[in-house]
Every structure is written in C-alpha cells, then in structure tokens.
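One chain follows as structure tokens, the form predicted on its own.
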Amino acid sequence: MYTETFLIAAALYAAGFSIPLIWWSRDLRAVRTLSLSCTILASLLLGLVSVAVLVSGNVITFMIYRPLAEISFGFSIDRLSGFFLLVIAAVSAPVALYASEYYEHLEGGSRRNLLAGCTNLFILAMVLVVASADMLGFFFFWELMAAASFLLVMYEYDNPGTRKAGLFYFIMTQLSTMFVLFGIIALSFRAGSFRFSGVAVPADPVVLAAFLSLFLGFSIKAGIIPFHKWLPYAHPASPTPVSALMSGLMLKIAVYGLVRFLLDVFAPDLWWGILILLAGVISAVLGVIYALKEHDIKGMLAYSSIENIGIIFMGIGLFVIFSAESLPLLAGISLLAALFHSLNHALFKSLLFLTAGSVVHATHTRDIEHMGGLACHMPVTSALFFTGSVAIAALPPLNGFASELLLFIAIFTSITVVDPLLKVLFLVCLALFALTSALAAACFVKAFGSVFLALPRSPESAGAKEVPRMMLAGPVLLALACIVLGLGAYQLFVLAGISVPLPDMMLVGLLLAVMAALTWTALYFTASRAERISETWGCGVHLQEPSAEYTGHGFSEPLDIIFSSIYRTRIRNERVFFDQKNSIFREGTAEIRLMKVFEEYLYLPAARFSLASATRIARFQNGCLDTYLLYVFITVIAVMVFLGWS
C-alpha cells in the first residue's frame, strides 16, 4: 500500500512537470495552477508515507529497473529517508501554495509554465535522491536535482546579475558533483558494489579518500564555508519560492547524504568528527557575522542559512566524536539535535524567504534601507516574519529554541565525561555557539526593525499593500508548524518513543501566555483612558523624517567595527580644501567598503589559475593529425604499462 502511495506521489510530481511542458507556449494561469496543485497533492501523499514509515519502523523497498546484476535503480525508505521525505513534504506544499499566486506576478509570459514545471522536477529529484536504494541511483538523481535547480536559478536569464549568479552556481554545483562521483567510485571499488553497505576501517587510504571527497561534495552543496559563495548569489537571483526550496530543502539533501554515508557506509574515526565539528563551528560563526552586514534581505537570509547549516554540521560532528568515544547516549542526542534542527530550519527559513518575497513584491526592492513602516501596511506579513525571526533567533517557545537547546545540552553533558583535549575543544565550540546564537538574535532584530518598524523610507514602502491571500496561506502553515514544533517538541519525542532531556515547552509557552494575559489585564484596568497625540521627541526637531531614523547600517555599525578584521573593512576618505594649510574644507568623499574576502582571495585566484592552465593546455590542440596520433600512441603505451604493473 505504501509503495503504491509513494509511486502515485512521484507520478503526480512528474505530471506537475509534464503538464506545463505540453502547453508551454500558452500563457494560461490554469496550466500553472494545475501543475502546482499536483505538487500539493503529491506532498500530502508523500507526508503520509513518511509518517507511516516513522511510526511503524518498517522499511519500504522495491526495484524499478535492473539492467545489470551490479547496476540497478531501486528505492528504499527507512526511518532516516522517511524523516527527510517528511521535511520535503512539509515545505514543498506551503511553497507551492504560495507560488500559485506569486508566479502570476512575474514577468515572462508562457515562460512561467516552465518555471512551474521545473519546480516539480526539482522537488521530484530531491525525493528520489532521498529514496534511492543504492549509490548509483543516488548520484543520478543528485545530478538531476542540480540541473533542475540551475534552470530555476536562471529564470530571469536576461538579467546580468542572474547570469553571474547562475555561472557561480553552475561551477560550484558541478564541483560538488565531481567530488561526490569520485567518492562513490572509490567506495564501489573498495566494496565491489554500489550498495549502501559498510566498508573497511577508516585507515584504508581508499576509504579515507572516499570520505574526504564526499565530505567536500556535500559541504559545497550545503554551503559550508569556504564553499558558500554561491548562496548569496543564487538566492537573491532566484524567484522567491525557488529560494525557499533551495535553502529549506536542497541544503538538507546534502545533510542527508552525509548522514546516510556516515551511518550505513563508513566506520568513522575520531578526527573525522573533529573535522566536521570545526567546519560547522566556523560556518555558524562566520555565516551570522556576514549576515549582520548584509542589507539585501534575501542575501541576509542566504548567509543565515550558512549559519544554520553550520549548526547542523556541529551536531553531526558531535555524533561522530561521541560514537568514536563509545558514548552512544550523547551520540544519539547529537544526531537527534542535528536532524531536528534540519526540520526546524527547513520550516522557519522557508517562512522567512516567503515573507521576504512578499515584502520585495510589495516594495520592489531588496534593500532593507529603502523599507520601513511595513507593519502598518502589511500586518499579516509582518506577524509571520516576526514568527520566523523569533524561531531562527532560537527564542522560546518556538522550534529553533528546542533544537539548539538539545545541542547545548549534548555539549554541556559531554564536558564531564570526555578527555581533557576534547574538553577544551568543546568549551571553545560552546563559546562560539553561544556567540552565534546572540548574533543571530541581533541580526533579526535589525531585519525586523528595519523592514517593518518606524517610518517608510521610500515611496514604495509608503504605498505598500498586503499581498494576496494565497501568498499568505503558505507562510501561515509554516508559521503554525514552527509554533507547534516548538511548544510540542517534548510531547512529539515522547510519542515517537524517544527520551530526550528537553523541558516541557508546552508548559513554558503556557506560562508566557499567562504572563502576557496578566500584563495586558493589568494595563487595561489601570492605564489611563486619556488620549494624547503628539510627535515623538526627536532632539529638538519639530517634524520627524525617515532620514533621521536608526537604520540597519547604523544598527550594525558597532558590530561591523568589532568584526572589521573579518570583514577586512576598507575606509577611503578624500578631502579638498580651499587653502594650503588644509583649514577651510571645500568638498570631499568618503567610502566604507567591505571586502568579499573569500571571493577576492580564494575564488578569483583559483579562477585565474584555472584559466591560465587551460590556456597552456589548449596549445596541445594544434590541429595537426600527426601530433594527435602521437598523443594516442603515448596514451596506449601508458595504459599498457599501468595495467601490467597493477
């Protein structure tokens, strides 16, 4: 029964991809609505299958195609893949609901049909990656996911910024694919098959090379620093539902791949876990630091995704370390924290991207300095964005707090049982993790205040209106999920039969609600009913102007100064004077520039080196047939020597 339900869901995703292709030349809303309706229905069926697998613990396995004995395309859904299928279903349905209205406001005419179709193809590819029974199918659908996401990023291909983002994304995603392919080939060479089965000890050089290759491949796709630069380019350039799917889901597919190989294929060593942990800590800290200085609202959310993926990698790294140290209880809590935060991040980051897209739709700008005052004009969107901000800032009682608290508990508990060197490492990671949480709260205080509070700082913000209902329905579902998973985290774990050291957030939420109700009641009965309307005092200025507001730049400037060594801030100040003594000022210009450190010091040098190497290699292609025959002869001799030696 569940096998048939899964196949029907996959067929609906395929139908959602095919329907717009059939009528691709006809600019009809009905075509796109039908396509996205297939997405919603398929997601509901997929959610039913995943919940059934998680509750029962049964494994759904079936074969689709076996051309050779060693090569097959089959699917296997266990609890791990069922959990990630639930994540896909929980996000894709609200996003499709939002997209059914959002896509109608895009330019492109009938090209929007292809956008709706490729959205289904993208989701289908992620579903099949997670459900693949072997490494060959995993890689095939991994590449299909990369191709579909590239097409979605390039929707507005006539925009130069989009073309740059697409090129950046294409290069990085193919680099990720190359490392994943090399790792799979190395594992199949050692194990003799493409099955997800255990291999030799970590000391084996082939196994070690496979792990490092897969770790690099999944890190690039997940956006781990220093392989993160494609996120701030691809997310702002993509349509908002695509950004929500990429940040909320595609990054989690990389997390799934890493966890799947660590659980089913490798027998991880201690230093593997330390490597993953350090990569996660660095990404979490630097991700939120770069998010603080960003004033493009979608770029800020992209950097915030890097931070949260870093937190997830921290949990995975701790899981590997505790497993190697024979601490199964702490290993289970760490892995549970990583998986729970994967679900939570998928929900609140999709919520934030969708509401940010609504703001951009209403104001026609992504610069938060040109927004402000939207809480009056877009009250529902502001409440939804506030909910996502509280969740991502890990404030109780929402879901971000529950998963991050679980990770804090794992680190705190481990300090008393690990050896001194690991204790020092964990204390440093704990301090940086706490710093990350504080900076994340500051980042979204800045974002919400700059976008929704104070006076409008542009005519577009002053004239903004609430978005249509369908663009509110999807975010409302995601916001409710954030609240339910936060308040009911303890109860959900109990229902799943998992014992976790979490407080009862339902009780915490009830206490907060009672305190709020008592405060409101006290103010209602004791406050004066007299009304007084006047201007806010503004240091003697009679009328308040938007230009006098505390902007996002002003809010983050102290932190920009503190982290100037990371930002590599460049300050240029040019002044012209009337006199030779430089006493009477005439005119001047000042500029504060934050360097793109990784781009200028890592990516561009690598690109220049690759271009120079390709230019040298191109000289071998001189058009002479005799030279090409010489190349073939040398290659044949080299292959014969290698085969004879091996």
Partner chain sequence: MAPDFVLYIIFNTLFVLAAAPLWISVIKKVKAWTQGRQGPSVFQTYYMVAKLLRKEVVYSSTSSRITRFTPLVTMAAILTAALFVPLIFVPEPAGGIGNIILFLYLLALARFFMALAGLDAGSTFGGMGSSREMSISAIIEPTTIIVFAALAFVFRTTNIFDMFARSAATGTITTPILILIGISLFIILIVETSRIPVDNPETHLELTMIHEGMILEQSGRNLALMELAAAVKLTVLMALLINLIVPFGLATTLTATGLLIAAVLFVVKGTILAGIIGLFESSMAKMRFFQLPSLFAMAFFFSALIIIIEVFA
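Positions refer to the first chain, counted from 1. We call the rigid core the largest set of C-alpha positions that still match within 1.5 Å between the two forms. The structure displayed is predicted, hence computed values, not measured ones.
Below, we turn to the form predicted together with its partner chain, even though it does not appear here.
In plain terms, the part of the chain that comes close to its partner chain in the predicted complex, with a heavy atom within 4.5 Å, is 450-458 out of 327-335, 450-458, 473-481, 346-354. With the partner omitted from this view, the residue of 424, 496, 462, 208 that lies near its partner chain in the predicted complex is 424 [heavy atom within 4.5 Å].
Only one of 83, 563, 266, 272 lies close to its partner chain in the predicted complex, with a heavy atom inside 4.5 Å, and it is 563.
Judged against its partner chain in the predicted complex with a 4.5 angstroms heavy atom cut-off, the residues 6, 22 and 63 are out of contact without exception. In the predicted complex, its partner chain sits within 4.5 Å of a heavy atom belonging to residue 441.
Taking non-hydrogen atoms only, residue 571 never approaches its partner chain to within 4.5 angstroms in the predicted complex. Residue contact check for residue 296: none of its heavy atoms lie within 4.5 Å of its partner chain in the predicted complex. Under a 4.5 angstroms non-hydrogen atom cutoff, its partner chain in the predicted complex has residue 512 among its neighbouring residues. Contact residues in stretch 503-523 (any heavy atom within 4.5 Å of its partner chain, taken in the predicted complex) are 503, 504, 505, 507, 508, 511, 512, 515, 516, 519, 520, 523. The rigid-core alignment places the CA of residue 326 less than 2 Å apart between the shown form and the other one.
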